[in-house]
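Before any questions on how it binds or moves, here is one chain, the form predicted on its own, in structure tokens.
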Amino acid sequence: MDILRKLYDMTAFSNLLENPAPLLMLFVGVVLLYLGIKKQYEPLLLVPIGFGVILANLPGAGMGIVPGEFIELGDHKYMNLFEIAHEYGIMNFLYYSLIKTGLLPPIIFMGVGALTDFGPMLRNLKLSLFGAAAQLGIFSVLLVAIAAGFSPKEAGSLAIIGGADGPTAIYTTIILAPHLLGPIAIAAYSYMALVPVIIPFMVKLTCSSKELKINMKEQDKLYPSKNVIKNIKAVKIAFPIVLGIVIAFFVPSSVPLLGMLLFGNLVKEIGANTLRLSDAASGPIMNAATIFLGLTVGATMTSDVFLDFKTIGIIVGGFFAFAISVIGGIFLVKGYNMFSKKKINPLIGATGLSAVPMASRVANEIALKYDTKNHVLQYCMASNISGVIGSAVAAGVLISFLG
């Protein structure tokens, strides 16, 4: 009987009888895996996040992330990484060394920069202004979340979901409200995956068919631009250097994200001399960072964290932040068209998010439904790329004021 009891205690069944909540979290992890594998919603992140959720909630496995306040030793002394690894396991070691330090989101931003072409934005700088309007959702939901009972730091972490940028949301949350990292990361990436659903829905609510038929190429022919960039290659090399310096003076707290984004873009634009750096940033380095980011973020999603009233608020508030960001860009275009002879398709305002290039592709598909000759992809990319920069700057502003 002693042997049988020891065998029983060795299994996880006794833990499940005492606390069945992990079963629900295992179901959440399976749902995330289903969305990533079957539905192909952001599979590069939802698959590792979903599997991280499963690992964290396997009873008795000890793979869940332990909140920082529980591993403090008192008298302002903390465990070092080796002690954390020995006491709490490999997942906590990865979390506190790679996530808690804020290392991985900027690394991923470097890879994003190496994959990004600022050319469409530089050729249409006027359109890039609509990327700023799309940050309206961030600051609107910030105020609403505070009124709803979230602390200012928690509200800032929730609101940044409106930027539609996963690494930015994670980086901001690490600094402002690390205890909400799991729900916010999952909400951010889930809504990014739902861009093909959310943008068409918001466009249908706010735009007429006449507005969606505005042909940008015809508008360019009627009202040609007076400013033409003669040496686009030189401008694309100078742009990340100049912008990085300027932003650093105005919003220095955005430099960890924006600086790495611009560096990745710079090594890409230089060309053959830095090709190996660009390939490394956008390939092995970014892929490894994505794996560890997804697994460790998923491992923060224990039942104690997820099964909370604030999680519901994050899911609802995140949707409104996302939706208001789309609507903000659309209405700025509408306002612009009231005073300008050269009309702009509202779809360009709808893509002022950081979900590059998915948002632009979705907008282009919508435009082609109304006019098979109306290709707006390059125009949408102008506001879409500026949205990446805008969300990083918005994160820096939130961190400066609330951090």
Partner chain sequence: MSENFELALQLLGIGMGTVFIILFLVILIGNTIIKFVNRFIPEAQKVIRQNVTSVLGITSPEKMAAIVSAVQIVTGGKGKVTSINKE
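Everything quoted here is computed from the prediction, not taken from an experiment. Positions refer to the first chain, counted from 1.
Not pictured, yet referred to below: the form predicted together with its partner chain.
A.B. asks: Does its partner chain come within 4.5 Å of a heavy atom in each of Leu205, Tyr223 and Asp371 in the predicted bound form?
C.D. replies: Verified in the predicted bound form; spot residues all out of contact, no.
A.B. asks: Does Ser140 reach its partner chain in the predicted bound form, with heavy atoms at most 4.5 Å apart?
C.D. replies: Output for Ser140 is yes: heavy atoms within 4.5 Å of its partner chain.
A.B. asks: Wondering, does Lys210 line up within 4.5 Å of its partner chain in the predicted bound form on heavy atoms?
C.D. replies: Output for Lys210 is no: heavy atoms all beyond 4.5 Å of its partner chain.
A.B. asks: Since only the chain is shown here, I'm wondering whether Phe320 would be in contact with its partner chain in the predicted bound form (any heavy atom pair within 4.5 Å).
C.D. replies: Flag for Phe320 set to no.
A.B. asks: Check Val251 for me: does it contact its partner chain in the predicted bound form (non-hydrogen atoms, 4.5 angstroms)?
C.D. replies: Output for Val251 is yes: heavy atoms within 4.5 Å of its partner chain.
A.B. asks: Pick from 161 to 169, 305 to 313, 186 to 194, 224 to 232: which stretch has a heavy atom within 4.5 Å of its partner chain in the predicted bound form?
C.D. replies: Contact criterion met by 224 to 232 only.
A.B. asks: In sequence order, which positions of 125 to 163 have a non-hydrogen atom within 4.5 Å of its partner chain in the predicted bound form?
C.D. replies: Those in contact are Leu125, Lys126, Ser128, Leu129, Gly131, Ala132, Ala133, Gln135, Leu136, Phe139, Ser140, Leu142, Leu143, Ile146, Ala147, Pro152.
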